[in-house]
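Only one chain is shown below, in structure tokens, and it's the form predicted on its own.
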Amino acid sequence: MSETITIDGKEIPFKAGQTIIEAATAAGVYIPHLCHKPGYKPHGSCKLCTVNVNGRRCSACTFPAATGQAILNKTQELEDNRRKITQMLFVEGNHFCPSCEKTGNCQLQGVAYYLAMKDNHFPHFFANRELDASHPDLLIDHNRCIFCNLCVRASQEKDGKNVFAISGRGINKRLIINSKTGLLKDSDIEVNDCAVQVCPTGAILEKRKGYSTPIGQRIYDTQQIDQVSLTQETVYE
């Protein structure tokens, strides 16, 4: 007999070692997230997946599932908090969706649609961040980085490299390139690296590929992110 947790009153089976978000996704329950990805070590940086576990707030991507947990995921308070976090991510960077090559394929945008985010609410920071187009095949637009650490983890865990790191704290936080010049062209990154493919926004882009899929035919143009997530993330390493 399998062990179970409950999420919003629904009984969910889980396997030993699974986190709450892993058990939920396997059972077809979507918990909003940005920094989480199956096959990568949990990080808990974006806090979108925060749920209420027996009266205590926890990150679903890092908190292990355990028998007896009564979890609240889809409450008005949690959804409001997730919307505020998403709004802050938009104003802390420079996310202008209509002019972004990643529009329609951007997870941040997809989450904003899912949470019915109508405006940015908070004043814009208009951060002055650089664009690194030095690499022949890749570019980084630091304006769109949300510091999810996925590229850092992918480079280390999947590619066996150490191309990226996060430096600084708070408003001074930034993504850095581990090369002598600090430029992408002088790193050992390659276009097929997992670190290139894993970015949930338009921060890391492959050159000459931006509009190969027309707007209107992209992932989140036709499906909500919860449907896509539950289809793509049901298998965990």
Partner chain sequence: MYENLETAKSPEKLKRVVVDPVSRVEGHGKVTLLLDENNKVKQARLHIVEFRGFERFIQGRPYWELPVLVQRLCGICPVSHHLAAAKAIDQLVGVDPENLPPAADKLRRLLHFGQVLQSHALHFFHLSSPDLLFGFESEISQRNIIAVLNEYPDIGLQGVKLRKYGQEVIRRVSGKRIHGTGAIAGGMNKSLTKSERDYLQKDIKQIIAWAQGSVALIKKVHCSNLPYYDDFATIPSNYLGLVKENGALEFYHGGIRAKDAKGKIIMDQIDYCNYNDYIHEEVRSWTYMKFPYLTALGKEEGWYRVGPLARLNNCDFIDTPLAEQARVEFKQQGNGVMVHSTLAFHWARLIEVLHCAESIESLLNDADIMSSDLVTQGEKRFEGVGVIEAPRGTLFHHYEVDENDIVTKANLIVSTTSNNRGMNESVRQVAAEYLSGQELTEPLLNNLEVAIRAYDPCLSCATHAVGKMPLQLELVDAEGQIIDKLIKHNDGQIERNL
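Fair warning: this is a prediction, and the values are worked out from it, not measured in the lab. Residue numbers count along the first chain shown, from 1.
One more form of this protein, predicted in complex with its partner chain, exists but is not displayed; see below.
S.K.: Using heavy atoms and a 4.5 Å cut-off, decide whether His95, Phe125 and Asn172 all contact its partner chain in the predicted complex.
M.R.: Judged in the predicted complex, none of His95, Phe125 and Asn172 sits within 4.5 Å of its partner chain.
S.K.: Which one of Gly44, Gly210, Gly182, Gly39 is close to its partner chain in the predicted complex, taking close to mean a heavy atom within 4.5 Å?
M.R.: In short, Gly210.
S.K.: Quick check on this chain: which one of Met117, Ala133, Ile166, Val91 has a heavy atom within 4.5 Å of its partner chain in the predicted complex?
M.R.: Of Met117, Ala133, Ile166, Val91, the residue with a heavy atom within 4.5 Å of its partner chain in the predicted complex is Ala133.
S.K.: So in the predicted complex, is its partner chain close enough to Asn149 to count as touching (4.5 Å, heavy atoms)?
M.R.: No - in the predicted complex, heavy atoms of Asn149 and its partner chain never come within 4.5 Å of each other.
S.K.: Is Asn143 close to its partner chain in the predicted complex, meaning a heavy atom pair under 4.5 Å apart or at it?
M.R.: Residue-level check for Asn143: yes, a contact with its partner chain.
S.K.: Even though the partner isn't displayed, in the predicted complex is Glu157 close enough to its partner chain, meaning a heavy atom within 4.5 Å?
M.R.: Heavy-atom contact with its partner chain at 4.5 Å: absent for Glu157.
S.K.: I'd like to know whether Glu79 contacts its partner chain in the predicted complex, with contact meaning heavy atoms within 4.5 angstroms.
M.R.: Residue-level check for Glu79: no, no contact with its partner chain.
S.K.: Could you tell me which stretch in 81-89, 125-133, 157-165, 67-75 has residues with non-hydrogen atoms within 4.5 Å of its partner chain in the predicted complex?
M.R.: So the stretch in question is 125-133.
S.K.: Given a 4.5 Å distance limit between heavy atoms, list every residue of 99-115 close to its partner chain in the predicted complex, or none if there are none.
M.R.: Contacting residues: Ser99, Glu101.
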